[in-house]
Each structure stands twice: as structure tokens, then as C-alpha cells.
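Here's a solo chain for you in C-alpha cells, the form predicted alone.
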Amino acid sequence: MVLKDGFGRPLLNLRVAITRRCNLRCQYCHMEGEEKLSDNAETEMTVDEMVHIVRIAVGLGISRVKLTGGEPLMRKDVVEIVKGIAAIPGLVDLSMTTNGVLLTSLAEELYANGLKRLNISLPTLDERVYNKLTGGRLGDVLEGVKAAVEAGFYPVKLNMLILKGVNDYTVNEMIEFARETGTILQLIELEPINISDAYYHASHKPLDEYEDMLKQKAVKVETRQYMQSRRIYHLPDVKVEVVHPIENTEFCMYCTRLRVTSDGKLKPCLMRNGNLVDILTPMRNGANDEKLAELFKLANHRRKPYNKS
């Protein structure tokens, strides 16, 4: 059984924000669309609560889960979270988005406990620019990328958010880095979510020129239907994916996602916060699995393309 919303879109993927905390301060972070919360750990779900929520989701036909944040590796029990979720029967894929800063010491253990894929945020290979954008050390992330590949993760995807006048001229350099490291490069367009209008207008750059360049170099172009019809450009010895804004019509048309916020609410759309469904409070109040499944169905019912009023 696979749930479908009122627009015929199947519900296949769940993104679980396991913490709101982060060890970087990226200027462009959209915080998974969450409204600003305190960083109080008491608002976070426990390992058992997260596993329980994902088990309900898998029982409703969701087969792919991505752990997000904040920075997921800030959780000291992150390996327990991975182990518990990976053991759920029927789960096909468990992945994580991370900034990679803490990955070096955790990569092997995460892989051994069932995490299969990684997306690592890497906007630039310039140490000075990286520090200015995030407050972190580029070397920590590069070591994390190396550790992830050596641990056996595949694919390891590098998320390069394009920022006008900051890193937009270094795409070819990043393509070469992906080729050398055996990773996949994702070019991501800036979203107008949880950032100021001034920052968005100063930093946003469309990805059309990069698509034109990639089309000329590609030996094959692949389209991922259930990933918003995004295109994958197969260049010699390296792949590059292009991720256009979530609020565009094509992205919304093929959306298959539901989110769980770091404080335990089901979030039907990245762009909206007025249609959340609280699942953690009923769970803590003793709601049975049937009731929790109904909450998932309610959240799925509230899913609709962002361009629909």
C-alpha cells in the first residue's frame, strides 16, 4: 500500500530532522523550513520515538528515509538512531544529509549500522570562502568526504549551493573534485526560505547556464521522475545533478516527500508551516499505532503543490 495525496502524488519518502542544533552558522541555511526554535534538547525526539514514527511510516508504504537537521551528527546517539531505523522491516533506503564536519570519526560506524548514502554540504573548495560562509574549517569537511568514500558509502553526494559572486565561477573546479574523489556533485539553486529578501536577491543565481554547459559535455542525460524530474548529467567519469528550486511547478508536481520536524511534527510541505500535524505529543500521551497512522494519513491529505492555493 502506498498513500497518495489529492493530486495523485505517491508518498514514498520521509525526511526526519533529528535535531535543530548545528555546529556551523551557514548564511543560507533553510533549516528544513522549520520556524525558529530554541536549541533546547528537551524538544528533540528520543531514539525510540524516532524509530516508532518511522516504523509507522514504513507500515504505510514509505520506503526511503533521510536523516537531516540541523546537523544530525550533533546527536551523541546518532549511531543508535541509525541502527534502530535501519532495522525496520520494509525500509529500502536510509540516508543522511550532513555538513561533514564530524564525519571522519563516525563514518565507519554509521555505515556498519545501516546508513547507506550521504549528502555532504560543500559550497566551495576555498578555505577562506568556506569559513566566511559557515564559520567552519574546510579541512574537516574534506577529511569527512574522504572518510565517507573509504567507509563504503555510495553514492556520496556533494551539495554545492550556488551563490552569485561567491562560488558560481568554481563549478568546473568542483566537478573535477567530484571526479577525483568518486563522488556525485549536486548543483543546488538557492531557496527563498528562512533567509532575508535582501540576501536572496543578492545571492540567488539561476542554474540555466550550468545546465547548458553540462548538456554539451554529457555523454548521457538521465531524468529522475520521482525526484522532481531532476536531471543527472553523466560526464566522463563523473555525474552532476541539478536541483532547481522546490517552489517551482515541476518540483511540486513530482513531490513524494513528507517531513518530520525536530520537535516531532509532520510537515507536508517545505514551504508551509500552517498545516503541520503534531505526532509527538499524541505519542507521548499514549496514542496507539492506529491513531498515529491516522495522523500520517491526515498529514498526507494536507500535502498539495505549493503553487496550489
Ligand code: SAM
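In this text, residue numbers run from 1 along the sequence as written. These numbers come from a predicted model, not from an experiment.
Another form exists, predicted together with S-adenosylmethionine; not displayed. Remarks below refer to it.
Quiz item: For L106, is any heavy atom within 4.5 Å of S-adenosylmethionine in the model of the complex, or not?
Solution: No, L106 stays farther than 4.5 Å from S-adenosylmethionine in the model of the complex.
Self-check item: 4.5 Å heavy atom contact, L60 to S-adenosylmethionine in the model of the complex
Solution: Result no; L60 lies far from S-adenosylmethionine in the model of the complex.
Quiz item: G144: heavy atom within 4.5 Å of S-adenosylmethionine in the model of the complex?
Solution: No.
Quiz prompt | Proximity of L161 to S-adenosylmethionine in the model of the complex, heavy atoms at 4.5 Å | solution = Yes, L161 sits close enough to S-adenosylmethionine in the model of the complex that at least one of its heavy atoms falls within 4.5 Å.
Exercise. Please state whether all three residues Y111, P155 and T181 have a non-hydrogen atom within 4.5 angstroms of S-adenosylmethionine in the model of the complex.
Key: No: no residue has a heavy atom within 4.5 Å of the partner.
Practice problem: May I ask you to choose, among D168, E189, D126, E80, the residue with a heavy atom within 4.5 Å of S-adenosylmethionine in the model of the complex? | Solution: Exactly one listed residue reaches within 4.5 Å, namely E189.
Quiz item: Using a 4.5 Å heavy atom cut-off, which stretch among 51-59, 261-269, 25-33, 280-288 contacts S-adenosylmethionine in the model of the complex?
Solution: Of the stretches listed, the one contacting the partner is 25-33.
Practice problem: May I ask you to list the residues of 121-153 that have any heavy atom within 4.5 angstroms of S-adenosylmethionine in the model of the complex, in sequence order? | Solution: The stretch touches the partner through S121 alone.
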